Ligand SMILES: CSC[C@@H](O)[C@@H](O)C(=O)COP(=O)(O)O
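Next up: a single chain in structure tokens, the form predicted alone.
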């Protein structure tokens, strides 16, 4: 079980719950099993108490391949499908609902959030000095399929420059080629969000 991606997803969920990013039953995490299927958190499960029986195996069309009794995939499975289809090297996806991410959605203009020109952006694959990087921001919809359709259209035109997207008044999604990279990308985006919120409060750069 040590190499079972579900155990790593459960550990990540406990970590993110402790940080206040997955309170209640909010958020969802996934990891590829192979090229055509991925494990995703089951709907409505408390993220500090997940076990291997709290994950559902689905394919890239959202069809359930394997599920424990009484479990169904997260309602936001379509968001993960979009990323896996368009980003071949994405093997792990974390979607969390932090306060700072939701506040930063209000700073976006025309569907883009300008990230701060910090050294931390190097960890997101941007090696330039003081780069201008925009994070895609998508409108939130009650019907998650509409969000996924918006993401699908945008990704088909151009993949995001950094491994993440924001959904307005909803949460942030980050991904990577493995668990460690995905966690680092999420942490760095959250760092940027905290910076932006505090900079706005201090009227720095605004």
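Residue numbers count along the first chain shown, from 1. A quick note: this is a predicted structure, and the numbers were derived from the prediction, not measured.
This next part talks about the form predicted together with the named molecule, which is not shown.
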| property | result |
| --- | --- |
| The named molecule contact in the predicted bound form: residue 170, any heavy atom under 4.5 Å | yes |
| Interface membership of residue 163, the named molecule in the predicted bound form, 4.5 Å heavy atom rule | no |
| Distance check, residue 148 to the named molecule in the predicted bound form, heavy atom within 4.5 Å | no |
| The named molecule contact in the predicted bound form: residue 198, any heavy atom under 4.5 Å | no |
| Which of 84 to 92, 70 to 78, 111 to 119, 131 to 139 lines the interface with the named molecule in the predicted bound form (heavy atom within 4.5 Å) | 70 to 78 |
| Position in contact with the named molecule when the complex is considered in the predicted bound form, options 26, 56, 154, 181, heavy atoms within 4.5 Å | 26 |
| Sole residue of 44, 51, 177, 62 within 4.5 Å of the named molecule in the predicted bound form, by heavy atom | 44 |
